Ligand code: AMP
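One chain comes next, on its own, written as structure tokens: the form predicted on its own.
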Amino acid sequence: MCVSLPSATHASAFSKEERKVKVLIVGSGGREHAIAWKLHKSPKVDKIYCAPGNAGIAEYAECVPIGAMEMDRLVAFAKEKEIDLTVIGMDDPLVAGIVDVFEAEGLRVFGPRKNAAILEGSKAFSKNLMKKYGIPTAAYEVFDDPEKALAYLETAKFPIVLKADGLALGKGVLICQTLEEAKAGVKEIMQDKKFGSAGNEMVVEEFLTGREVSVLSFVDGETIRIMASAQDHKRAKDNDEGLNTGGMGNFSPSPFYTDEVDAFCQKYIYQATVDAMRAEGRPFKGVIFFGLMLTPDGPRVLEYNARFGDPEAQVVLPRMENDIVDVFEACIDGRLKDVELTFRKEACVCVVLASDGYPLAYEKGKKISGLEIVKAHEAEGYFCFHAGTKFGEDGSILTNGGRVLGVTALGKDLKEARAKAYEATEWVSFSNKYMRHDIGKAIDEA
């Protein structure tokens, strides 16, 4: 249930006293639901609000009808409710500078400032940063003129990757097998502006082969602490066919993220990125998501994100043993060196239930049933994180997006977690339910 925005404002500085805190989460997806679920487990949390939230988040938080980009209204709400800690879940407000706005009002907020969130906000910036500081990544060129991009492609080796420079909801990446496909991609990104202003510049990148791995980390400007590894499934259909989506499922840990890979990344990628950002006068506080490709020549950075991944958060946070409030505060205060992250030995798998037709055209407003069955089995390691849901007028829960639910399960190993997650997908239904059936299939090949 949502409440109206209060009109009064009241400044509040965070108290160091041992008392329970009030938290505001900004966002409305599965990632934010996972954050709310994890915060709810903290004995240090008194009250959780979420703007704007969704029907699942409402179990743990009071949802308020304020959009993630309505920064002035969010600040006013945080002051009125004397919020002690605000957690920014989404990329758009981070890149737009919401952390700077909150900090200017004396409010404690978890996430990178605008000049650091550019790590995700501009692929050209991140590629140039990696080149300057010797962080291993794919060879690339950056173009702001489509004609020059087309001329370059005439001599390029295929397949090749085209990336819209700015934010594109995880969909502004095209893998082109031929020159004809690449020419069409330049038109789509730079001329037709399918991804809006994100396509004002474009990165043309070497196509890398290997296993993809996602690694999330907490950063306090100087120190980095790595979370558990994970592996995403971006394509809409089984066997990695179909269009790119925001993610159709995930599992953690990745069996391909070995001790050897970790040692390489610790030495050449993770701390090197944090140090590079600080050297550029852009100290990063918050979460850095490292999208890696494990190539025959070693790990390479595919991309950075400046926040928790979605659905990576849904498989990593259930495994994290730390009180997340302690970690958020350590990042804000520059005390992360005093924190050791620990994770459960159990594995975790998330299968996304989507609306048929996603990521293109799909219907909303379908009644969801069976959620109470998953909830009844939470003690056995079953969870359901809401990505796109809302309440109907009769109090029922309805679909409200392309990705609807992240059905998630813990197991003694990845195979058990996968079997449990798919078991739970059978408990939940809505009329245009769609999912991939091969999430974590790579487990059997490890």
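Everything quoted here is computed from the prediction, not taken from an experiment. Sequential numbering from 1, following the sequence displayed.
The following text describes the form predicted in complex with this ligand, which does not appear among the structures shown.
Colleague: Within 4.5 Å, heavy atoms only, one stretch in 359-367, 199-207, 97-105, 274-282 touches this ligand in the model of the complex. Which?
Modeller: After filtering at 4.5 Å, what remains is 199-207.
Colleague: Consider the chain as shown here, without its partner, and state which of 293, 176, 167, 265 has a heavy atom within 4.5 Å of this ligand in the model of the complex.
Modeller: Checked against the cut-off, the match is 293.
Colleague: Consider the chain as shown here, without its partner, and state which of 302, 341, 156, 374 has a heavy atom within 4.5 Å of this ligand in the model of the complex.
Modeller: Among 302, 341, 156, 374, a heavy atom within 4.5 Å of this ligand in the model of the complex occurs only for 302.
Colleague: Hey, in the model of the complex, does residue 212 get a heavy atom within 4.5 angstroms of this ligand?
Modeller: Yes, residue 212 lies within 4.5 Å of this ligand in the model of the complex.
Colleague: Residue 79 versus this ligand, in the model of the complex: is there a non-hydrogen atom within 4.5 Å?
Modeller: Residue 79: no, not in contact with this ligand in the model of the complex.
Colleague: Mark residue 234 yes when one of its heavy atoms lies within 4.5 Å of a heavy atom of this ligand in the model of the complex, and no otherwise.
Modeller: Yes, residue 234 lies within 4.5 Å of this ligand in the model of the complex.
Colleague: Though only this chain appears here, would residue 138 touch this ligand in the model of the complex if you measure heavy atom gaps against 4.5 Å?
Modeller: Yes, contact at 4.5 Å.
Colleague: Where, within 142-166, is there a heavy atom within 4.5 Å of this ligand in the model of the complex? Residue list please.
Modeller: The stretch touches the partner through 161, 163.
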